[in-house]
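Okay, so here's just one chain, in structure tokens, the form predicted on its own.
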Amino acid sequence: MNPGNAQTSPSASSLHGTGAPSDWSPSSWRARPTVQQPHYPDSAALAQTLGELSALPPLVTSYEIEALKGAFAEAARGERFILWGGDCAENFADCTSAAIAARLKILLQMSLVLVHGTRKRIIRIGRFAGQYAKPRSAALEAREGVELPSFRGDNVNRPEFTLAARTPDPTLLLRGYERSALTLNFIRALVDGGFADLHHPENWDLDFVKHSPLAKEYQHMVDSIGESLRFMESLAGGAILAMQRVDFYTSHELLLLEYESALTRQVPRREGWFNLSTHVPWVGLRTSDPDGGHIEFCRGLANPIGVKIGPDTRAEALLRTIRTLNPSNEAGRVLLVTRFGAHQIGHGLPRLVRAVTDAGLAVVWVCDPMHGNTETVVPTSGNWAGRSVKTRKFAHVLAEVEQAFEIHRNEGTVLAGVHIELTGEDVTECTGGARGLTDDDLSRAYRSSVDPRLNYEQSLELAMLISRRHGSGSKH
């Protein structure tokens, strides 16, 4: 962190920066109806934890946030492409160097493929360093006549079905902050140390890539970029330093408002308030009520804000949300992350695109082809025969991305990026792809505790197919 960017802790009585509404504070959300918040029975322990969090250093800086917002504005104009990916939910136990490096590697590989095909600079955003809480459809879980609070992620409580484990524990917020800091520190050390150097893409190789049906095509892209890089450096008379590192940004769902408020700060020589827990907080479908506490909290932040939208999103409510979050219509401020499913995007997305366009609102369109395509299957053989399991079909994921490109082309708008739940591990959670995984393959390596993710090979294949689309002359 730059010591010149020291942050100050928030308080209700603090002076507002001119960039925030005068009727807003980091705690003004408390006056609004707010959902998906855990009930902490020990209010004194919660207050102590929040006090500690508000005094700790920020996880990201205002400089990074402002740079990212500018990059988003370029992506909205079709000048960059956003690759946004990572785990559906992080676990404290997965805060290991191997797991972090594997996620970084697959995102680097995908971005290399996208650079090759789109001829655009790639904005890399990870769903990591803070994705430790998840919304739940029910506050309670029942088993054999016993009801306990639902497991809301490692930031809130513990998965074991006991009263002690399921009671929300505020000290877990500190553990989540610590693991976010450790993850960010390791990623920055890798990137700054040359791990992401385009001169050495072999650093990113995952052990199983060489066995993939896509290995030959991927190696061809690597060789092509290497030849181009050597040619440019020959002309320049030396190494192009900008090719030795890349920018990585973080994101997580803005869910636990007590935690987010404690890490929201004013910054010297900067206007407004910054949520310094992440670069890009996003609001999910369950918390996107324009009159709710989450939108109220986000409206005063200087960060770019993601908003998930889907088949049930009403145009009037969406326009209200956008105007609330972005009254000055600032480019790069609001990202609309669309999640309809392959069978509904053709009906649902065009009406919202037209409503936003007709209203003259500046937004960044991103396709999330994962969440709308979740389904339950019952394998007929193998270890999980007869058991219901959540999965996603690769063909449906690809179909939603393809339709999103086509819809935006027809509407005269730009699809600025994709948002993927993925892992750098050799898991079997989604079916299809180059290896043709079937329902019966799911039991081989299904490790997600929440949603099914694309494995390293399916993720790389998706990037290649997007790359081919651009290479074949697509407008976007």
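In this text, residue numbers run from 1 along the sequence as written. Quick caveat: nothing in here was measured; it's all calculated off a predicted structure.
This protein has a second form, the form predicted together with phosphoenolpyruvate, left out of what is shown; the following refers to that one.
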{"query": "Answer option from 273, 84, 282, 405, heavy atom within 4.5 Å of phosphoenolpyruvate in the predicted complex", "finding": "282"}
{"query": "Contacting member of 127, 152, 116, 103, with respect to phosphoenolpyruvate in the predicted complex [4.5 Å, heavy atom]", "finding": "127"}
{"query": "Phosphoenolpyruvate contact in the predicted complex: residue 175, any heavy atom under 4.5 Å", "finding": "no"}
{"query": "Partner contact for residue 64 in the predicted complex: phosphoenolpyruvate, 4.5 angstroms, heavy atom", "finding": "no"}
{"query": "Exercise: residue 286 in contact with phosphoenolpyruvate in the predicted complex, heavy atom 4.5 Å", "finding": "yes"}
{"query": "Partner contact for residue 421 in the predicted complex: phosphoenolpyruvate, 4.5 angstroms, heavy atom", "finding": "yes"}
{"query": "In the predicted complex, segment of 68-76, 107-115, 179-187, 131-139 with a heavy atom within 4.5 Å of phosphoenolpyruvate", "finding": "131-139"}
{"query": "Heavy atom contacts to phosphoenolpyruvate in the predicted complex at 4.5 Å, residues of 317-356 in sequence order", "finding": "339"}
